[in-house]
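This document starts with one chain, in the form predicted on its own, laid out as structure tokens.
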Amino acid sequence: MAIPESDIDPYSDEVLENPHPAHAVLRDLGPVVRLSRYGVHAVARYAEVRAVLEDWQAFSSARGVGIEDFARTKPWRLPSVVLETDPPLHDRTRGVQSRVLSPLALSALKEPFAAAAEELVERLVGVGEFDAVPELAEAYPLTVFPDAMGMPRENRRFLLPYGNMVFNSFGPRNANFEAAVQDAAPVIAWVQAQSLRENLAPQGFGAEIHAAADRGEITAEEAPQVVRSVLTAGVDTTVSAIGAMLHCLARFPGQYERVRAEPRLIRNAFEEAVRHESPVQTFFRTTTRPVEIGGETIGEGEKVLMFLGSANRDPRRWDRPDDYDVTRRTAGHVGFGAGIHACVGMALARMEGEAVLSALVRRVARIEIAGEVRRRRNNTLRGFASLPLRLVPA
């Protein structure tokens, strides 16, 4: 059978605003679909998305995790030495990141992260109504994460337009991309400067990455690139994940009540929000040889778009996939990816999400939506531009 084609545009405003109808169509078309608008293949079912993620030999990240094929066009930006590499280079850079962000390293941050969340939530309970995007989902990671990196406090909000640009760049050069590049232009030099050893505190993730270069684990030229890759991945995705959790708990008040009654569900409530909303919606791989997907063969050098958000709501894998259920067994979701390129900072994101929710359940009886919710349109990330909330004190 021929591979089915679709003219669905995953980067249109309509799909970015509400991707679920398009995802359902793509899943029903077959295990692999050709997107005629962009001349790429796509997988939207859970089984095929998972298979592509876990086979780095056949589906390369080194040719770019965006729509551009670095083997055919010169990248307009510097490729990530972690996200857009394959072994053996990936093993070196990823190994440094994994050690710096290890459970042992993160355990020392648990108390200060919790204290920062308690302080912020206590203040917001006193305010009552506020926009949870700038005041909580952005404010909290922009406090604790740069502190852990060893960054100065000035201009930390520059990380947001920078990350918005990077994640938009994985899609086509559409209006979202052009606006993001324009917004980020003044801050690119600042982010690059913050990745240098002399601008980082002697203690922190950044200094530890540069110390790895001193030991010969990575080169001196690679060290700032590894720091920059942590900066890129450590803010926007967590902002979107915390926003997703808050939105889910406000929309499903019975689930929030369940968490308050059973605080052991706090971790799973965050994890289920990542599955339900999938802050990272898509990533690309490039085939290194002719490969078979779902019984169909596609050739070498083909771009394959993975719909992570669709996989996380595939009824072939999940019961009641559109429900937010804090008791669901979420193991196996691909909200943090899978395989050797799975999100190296997932433990950090979980710790931040759990700290925020722990502070909320102690002080807040109900979380209510208090105004118009607006999505932020990004070619890769699913998040909010505005999320007005009302906190009803316990």
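Remember, predicted model here, so these are calculated numbers, not experimental data. Note that residue numbering follows the sequence shown and begins at 1.
Below, we refer to the form predicted in complex with a small molecule, which is not included among the displayed structures.
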| property | result |
| --- | --- |
| Any non-hydrogen atom of Q194 within 4.5 angstroms of the small molecule in the model of the complex | no |
| Touches the small molecule in the model of the complex: F167 (any heavy atom, 4.5 Å) | yes |
| S240 within 4.5 Å of the small molecule in the model of the complex, heavy atoms | no |
| Touches the small molecule in the model of the complex: L83 (any heavy atom, 4.5 Å) | yes |
| Single option in T232, N312, T287, Q255 placed near the small molecule in the model of the complex, where near means a heavy atom within 4.5 Å | T232 |
| Listed residue that, although the small molecule is not shown, lies within 4.5 Å of it in the model of the complex (heavy atoms), from F113, W318, F177, F283 | F283 |
| Region of this chain that lies against the small molecule in the model of the complex, out of 182-190, 142-150, 296-304, 232-240 [heavy atom, 4.5 Å] | 232-240 |
